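Here are two versions of the same chain, shown separately as structure tokens and labelled structure 1 and structure 2.
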Structure 1
């Protein structure tokens, strides 16, 4: 068994396979909760895994590797300061995670490792195995991963990739971590055939043809990188923003956080970090009170500059969107990436050809 092998995991063996894996690490997978909603959570048994689902609005990779709230360490003041490190990151497998979320995890891994390594993220990432599930069709109409090289299937970046072929999964091993998780369970895997590979290719081509949402991001990258988008465009976009931060909280790529010291009843303190948002007025406010991004428009501009400028593409290895569609689903004023890209292209056309410029260029 080697990295790159394409095998078959029959659905009759899925429960036994993941039961065996559960003896080594906790399983996180889509399961039914509340009133039938499917969300990612720790499963007590592989029987709880819901394989046919759309995708969780709350990105599982971000939630379990870069959690919303995370205790970093605790300390006690006195004649000497004593520090207690946080508990060791648990070993875990995220099962049936979508391709776009796997791509986002790889983006965050790079972000949190260069130029300075974040030890908390690194520990969680190293202890996590990703079993991605190919989308045989777009999970939601808002998905546009095909425009962002985020899915619906992956050529690289996965530990194990599963493609539903009916009564079986095509089981592709993509990393050493995936190989280590697979080798002790070889008895549940069997060689794939040429027909299996051909069927996967057919599924890929069919899935590609079904996407409804499009994001023509290349042109916006040029305008944003060269800082050609007029400030009045950003200010008009910002004027519609509610500052709810749904876009950044639900984005699997966004990495902003803040750090606080929490007092404990025993007199010690816990240093913890939690997600923050560049769309909040206080995010860039300095100790002097000065805010370099005082307007709504300047903060919206910063968000999309981080998403689509060539400067960040060079640093992070790709643009800051995987096409999961969560911003499309969550933003009430259509400040999602596909809509903003279209508005920028339309607005720039009006500036380049002023004779055709309408009164309200963002309508």
Structure 2
């Protein structure tokens, strides 16, 4: 068994396979909630996994490696000062995670390890194996991963990738970590046939043809990098913002956090970090009261600079969007990436005389 192997996991073996894995680590998978809701959670048995679940708005890759609220350490004050590490890094497998979210985890791993290593993130990431599930069709109309190199299937970057072939999954091993999680369960895996690979190819082509949302991010990268989008456009965009920050909370790529110290019932304090957002005024307000991003427009601009300017692409290795569509479904107005990119393109025609677009930033 090697990295790169394409095997078959029969659906009749799925339960035994993941029960066996559960002996080594906790399983996190899409789980049924109230009235048709599905949210990822720790499952008690593989039977609880909802394989046909569409998409989870609460990004599982981000949530279980860079938690929404995370205890970092606790301390006591007074004569005897003590500090204890409170962070946990349980061994876990995230099962049926989507390709876009795997791509985002790789982005965050890079962010949290360069140039400074974040020990909390590192510990969790090292203990996490991703069993991603190919989207045989886009799970939501808001999905646009195909425009952002985020899915619907992965060529690289996965630990194990599963493709639903009807009565079986194509089981691709993509990393050493994936290999280590697979080897003890060889008895459930078997070689794939040429028909299996052909069927997988057919699914890929079919999935590619079904996307309803397009994001012409290439144009936005040029306009934003060359700083050509007039401030009026950003302010107009910002004027409809409801300031909820769901766009960054639920973005599987966004990494911003804040820390606060919480008093506990036993008299100790816990330093907790939680997701924060560049869309909040308080995120950048300085101690003097001056805010370098004083308006909504300036904060929307900030968000899209981070998503699509070339400086960040160079630093992070890719643009900051995997096309998961969560900013589309979670926004109370229309400040999601595809809409904003569309508005920027249109506004460039309305605001600016046609001229040749600079390409200097590429040199």
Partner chain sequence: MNDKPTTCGFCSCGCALYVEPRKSGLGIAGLCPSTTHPVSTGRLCIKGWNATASLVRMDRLQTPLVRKGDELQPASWEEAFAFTVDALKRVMDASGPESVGIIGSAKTTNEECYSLVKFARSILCTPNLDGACRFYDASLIPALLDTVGVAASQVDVESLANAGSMLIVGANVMEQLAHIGSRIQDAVENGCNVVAADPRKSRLAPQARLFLHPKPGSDLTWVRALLKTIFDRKLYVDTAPQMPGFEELRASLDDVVMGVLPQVCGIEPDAIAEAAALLAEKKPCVVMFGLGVLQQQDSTLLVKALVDVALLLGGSVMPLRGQNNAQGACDMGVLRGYLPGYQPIDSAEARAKWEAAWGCSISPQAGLSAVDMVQGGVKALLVFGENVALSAPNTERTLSALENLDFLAVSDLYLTETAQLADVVFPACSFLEKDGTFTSIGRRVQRVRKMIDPVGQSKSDLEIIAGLASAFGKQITADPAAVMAEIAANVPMYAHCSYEQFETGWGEPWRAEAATSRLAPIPATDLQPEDPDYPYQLIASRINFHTQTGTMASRCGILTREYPESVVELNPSDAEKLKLRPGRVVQVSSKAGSLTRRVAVSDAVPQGCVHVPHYFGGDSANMLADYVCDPVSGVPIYKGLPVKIEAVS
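For clarity, a rigid core is taken as the largest C-alpha set superposing within 1.5 Å between two forms. Residue numbers count along the first chain shown, from 1. Owing to the predicted nature of the structure, the values given are computational and were not obtained by experimental measurement.
S.K.: Have a look at both and say which one is the form predicted in complex with its partner chain.
M.R.: It is structure 2; that copy is the form predicted in complex with its partner chain.
S.K.: Taking the rigid core as the reference frame, tell me whether residue 225 has a CA displacement of 2 angstroms or more between structures 1 and 2.
M.R.: No, shifts by less than 2 Å.
S.K.: Relative to the superposed rigid core, does the CA atom of residue 264 travel 2 Å or more between structures 1 and 2?
M.R.: Residue 264 C-alpha, core-superposed: shift of 2 Å or more.
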